[in-house]
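Only one chain is given next, in structure tokens, and it is the form predicted alone.
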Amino acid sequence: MAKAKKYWLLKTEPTSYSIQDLAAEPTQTTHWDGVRNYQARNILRDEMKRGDRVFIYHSNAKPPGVAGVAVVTQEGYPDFTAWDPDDKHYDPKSSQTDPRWFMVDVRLEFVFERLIGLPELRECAALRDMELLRKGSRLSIQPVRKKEFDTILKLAGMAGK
């Protein structure tokens, strides 16, 4: 029996890697690397599955907000950037034989015509219980309920996509 599709929110700083960067990739696909939080790592390693849909969220932007949608194309596998001493995500405690960090591959589905900013998300009653909007919630990878996913698509003028 097939597992139900899940929905997620991936945070990225647009000055480091934006949805426009993802759109510019030759196959509009990238590995989502560099996550160095154990709770987020566990989601990447254990919970995100091929076909799950994700919001790309621009954090540390003015305003921060949801920029578009991608889909998971490769389930969790070891984050090789942790093994490269020249990479900013290097972790000497991670190795090929005992990987500490994981990543997934995502492919762009579409970029929203406009950013759905955090202030607009906060104003939407249907999103009041969303993890992103909880006080103190800072996790870079967060679950999103289907109704929240659909609500944000509607805000973006992409209902039914």
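The model shown is predicted, which means the values in this text are computed figures rather than measured ones. For every residue, the number given is its place in the sequence shown, counted from 1.
The next section is about a form of this same protein that is not shown, the form predicted together with the DNA.
At a distance threshold of 4.5 angstroms between non-hydrogen atoms, R138 is in contact with the DNA in the predicted bound form. The DNA in the predicted bound form comes within 4.5 Å of no heavy atom belonging to S94.
When contacts are judged by a 4.5 Å heavy atom cut-off, R122 counts as touching the DNA in the predicted bound form. Shown alone here, N42 lies farther than 4.5 Å from the DNA in the predicted bound form, counting heavy atoms only. With the partner omitted here, the stretch from 66-74, 102-110, 47-55, 33-41 that lies within 4.5 Å of the DNA by heavy atoms in the predicted bound form is 33-41.
Residues are counted as partner-facing when one of their heavy atoms sits within 4.5 Å of the DNA in the predicted bound form; in 56-73 these are Y57, S59, N60, A61, P64, in sequence order.
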